[in-house]
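First comes one chain, alone, set out as structure tokens in the form predicted alone.
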């Protein structure tokens, strides 16, 4: 498994506590740049002013730091483009009851 796959697997362990769904399936991860032991994450949250901002961003950082060979993780939260429910995976939609 390459580092990108490992990173995505690790990110699936980071759960949005309000929705109970991981940040990948929610569509919160916009971009991962991985180079020479460094990961830059561009992500968003479901709403600006989310009270769990630091908790979720910190969870992303800690999850990625668990990957062997990763020395530095930087997490940037952006509001552009804003998150919309269309970014959610089918699994997330299913968990929220949109699919039977």
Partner chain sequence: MSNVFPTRTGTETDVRLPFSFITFAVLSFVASQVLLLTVIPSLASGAFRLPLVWAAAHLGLLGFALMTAMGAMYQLVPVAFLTPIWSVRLGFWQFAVTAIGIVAFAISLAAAPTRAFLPGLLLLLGIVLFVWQMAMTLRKQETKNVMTLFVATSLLFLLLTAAAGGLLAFHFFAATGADSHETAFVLHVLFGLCGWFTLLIIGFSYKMAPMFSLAHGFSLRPARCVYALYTSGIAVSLLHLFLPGQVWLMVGTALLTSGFTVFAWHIRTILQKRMKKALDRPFQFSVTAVAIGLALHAAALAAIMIGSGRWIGIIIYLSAVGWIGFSIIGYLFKIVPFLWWTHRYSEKVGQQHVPTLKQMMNERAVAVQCRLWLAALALAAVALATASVPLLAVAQVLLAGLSVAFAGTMLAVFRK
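Residue numbers count along the first chain shown, from 1. Source: prediction; values computed, not measured.
Keep in mind that the form predicted together with its partner chain is missing from the display, and what follows is about it.
S.K.: Every residue in 3, 36 and 78 with a non-hydrogen atom within 4.5 Å of its partner chain in the predicted complex?
M.R.: The answer is no: none of the three residues contacts the partner (heavy atom, 4.5 Å cut-off).
S.K.: I'd like to know if residue 69 sits close to its partner chain in the predicted complex, meaning any non-hydrogen atom pair within 4.5 angstroms.
M.R.: Although its partner chain is absent here, residue 69 would stay clear of it in the predicted complex, with no heavy atoms inside 4.5 Å.
S.K.: Given that its partner chain is not shown alongside this chain, does residue 24 nevertheless sit within 4.5 Å of it in the predicted complex, heavy atom to heavy atom?
M.R.: Result no; residue 24 lies far from its partner chain in the predicted complex.
S.K.: Is there a heavy atom of residue 91 lying 4.5 Å or less from a heavy atom of its partner chain in the predicted complex?
M.R.: Flag for residue 91 set to no.
S.K.: Residue 96 near its partner chain in the predicted complex, any heavy atom under 4.5 Å?
M.R.: Yes, residue 96 lies within 4.5 Å of its partner chain in the predicted complex.
S.K.: Taking heavy atoms and a 4.5 Å limit, what residues of 61 to 92 are near its partner chain in the predicted complex?
M.R.: Heavy-atom contacts within 4.5 Å come from 62, 63, 66, 83, 85, 88.
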